[in-house]
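Before any questions on binding or motion, here is one chain by itself as structure tokens, the form predicted on its own.
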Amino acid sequence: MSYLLQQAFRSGKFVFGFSIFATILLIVFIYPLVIPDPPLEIIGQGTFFEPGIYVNVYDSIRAPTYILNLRGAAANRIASRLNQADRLAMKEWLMAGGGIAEDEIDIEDTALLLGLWVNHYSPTKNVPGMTNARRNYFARLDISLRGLLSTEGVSVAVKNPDTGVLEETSFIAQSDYANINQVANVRVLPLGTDNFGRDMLTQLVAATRVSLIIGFIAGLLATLIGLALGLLGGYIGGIVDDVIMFITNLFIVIPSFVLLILISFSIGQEKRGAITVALVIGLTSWVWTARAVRSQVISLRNRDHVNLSKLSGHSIGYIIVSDIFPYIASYVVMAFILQISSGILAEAGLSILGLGPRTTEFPTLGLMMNWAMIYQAQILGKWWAYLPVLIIIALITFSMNLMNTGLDQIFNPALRE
């Protein structure tokens, strides 16, 4: 075993794939120890918060302030609050009401755009073909823009309980800054939130762990079933082999994913836990392993050492375990690696169709993709709701296929250098 491990870690492809997979495993098991938040806890009162650092506004007002005169601070503040829709609307009015040519308007140049707006916009100007609703929209936009351009600060006032009059308690100038380390409540959301307002990173780590468990259970079950049937059918032959191959051919005729869909649908949403889905995947994906092991055993059963073991009176079980299995052990390991990858992909496919594990228990990578699709994250441009999930699935499958290729180059004489 130690020799085989040494050989495996001499393969660059295996080491690279193993490094990716080991990194994912470390993150999956260490992250919950550092941040033990429930993955399905709703923290955002809204949907699809962008990735970033979120500071409590109430606490930041009461944090110690420092005066910083930073170059370009006002321009950055205005540019960040002027969204794309407002920029396009400003361009629309400047062309229709200001008579400015389209090539003279650059909506990405905030200073130029605001300069054109201030110099040309007039709320009293009648633009032909413009409805009252649209005219009122531009008037509100103008008020908002003038507020952005204001150099005054903001007063913080509270109501006097005796007189009911608002009294100023503090004044916040535009040059006042707070040290983020002195603000009481700060939450880092590197991947934002999903459609339910849940932390995407915490959810992604938990989903990766559950999907790996599903893949491991499904891969182990499929490999064990395929190995047992392949060994028995390949070595014993005769009617035993015919029965096993008949069952195998039945599973081949019906596509495994179609069978998986039918079984998952018949189980029902409430009974489909993560372990149940893993067992269903494992029970429907053993076919190619059984056929491959059978073909390997058939080529081994008439070898000299096997015939010698037969003449020595050893039992069938002893011969299979001691004289045949060691010769196909490396192939079984490679099959197991591919079965884990296939199990994760199968769960993702089922969950995207709405036939994965129940949605109220644990997240999985497939369920996260399903939620993103249902709430049209890909159409709304909320990339953080689906792209990290795709990357994790791709990294897991890529690393496992890379490990399998590396092992194949070591143990396959035809590919050995």
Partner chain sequence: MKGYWKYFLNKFGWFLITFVCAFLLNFTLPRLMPGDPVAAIVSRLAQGMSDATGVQAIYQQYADLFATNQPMHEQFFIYIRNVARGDFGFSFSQYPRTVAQVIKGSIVWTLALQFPAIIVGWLIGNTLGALAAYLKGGFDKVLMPISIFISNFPAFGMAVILMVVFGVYLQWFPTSGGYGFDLIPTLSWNFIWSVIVHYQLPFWSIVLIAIGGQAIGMRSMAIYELNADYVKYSRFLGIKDRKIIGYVFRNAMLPQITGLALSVGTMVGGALVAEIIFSYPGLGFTLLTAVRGQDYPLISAATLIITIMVLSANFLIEILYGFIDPRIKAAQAD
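This is a predicted model, so every value here is computed, not measured. Numbering follows the first chain given and starts at 1.
Missing here is the form predicted in complex with the partner chain; even so, the following discussion is about that form.
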With the partner chain left out of view, choose which of 163, 151, 80, 266 has a non-hydrogen atom within 4.5 angstroms of it in the predicted bound form.
266
180, 172, 236, 250: which sits within 4.5 Å of the partner chain in the predicted bound form by any heavy atom?
250
So if I measure heavy atom distances to the partner chain in the predicted bound form, which of the stretches 106-114, 240-248, 310-318, 92-100 falls within 4.5 Å?
240-248
Close approach of residue 325 to the partner chain in the predicted bound form, 4.5 Å, heavy atom
no
Using heavy atoms and a 4.5 Å limit, would one call residue 386 a contact residue for the partner chain in the predicted bound form?
yes
Does residue 9 reach the partner chain in the predicted bound form, with heavy atoms at most 4.5 Å apart?
no
Contact flag, residue 209 vs the partner chain in the predicted bound form, heavy atom cut 4.5 Å:
no
Taking only heavy atoms into account, state which residues of 364-378 are within 4.5 Å of the partner chain in the predicted bound form, ordered by sequence.
369, 373, 378
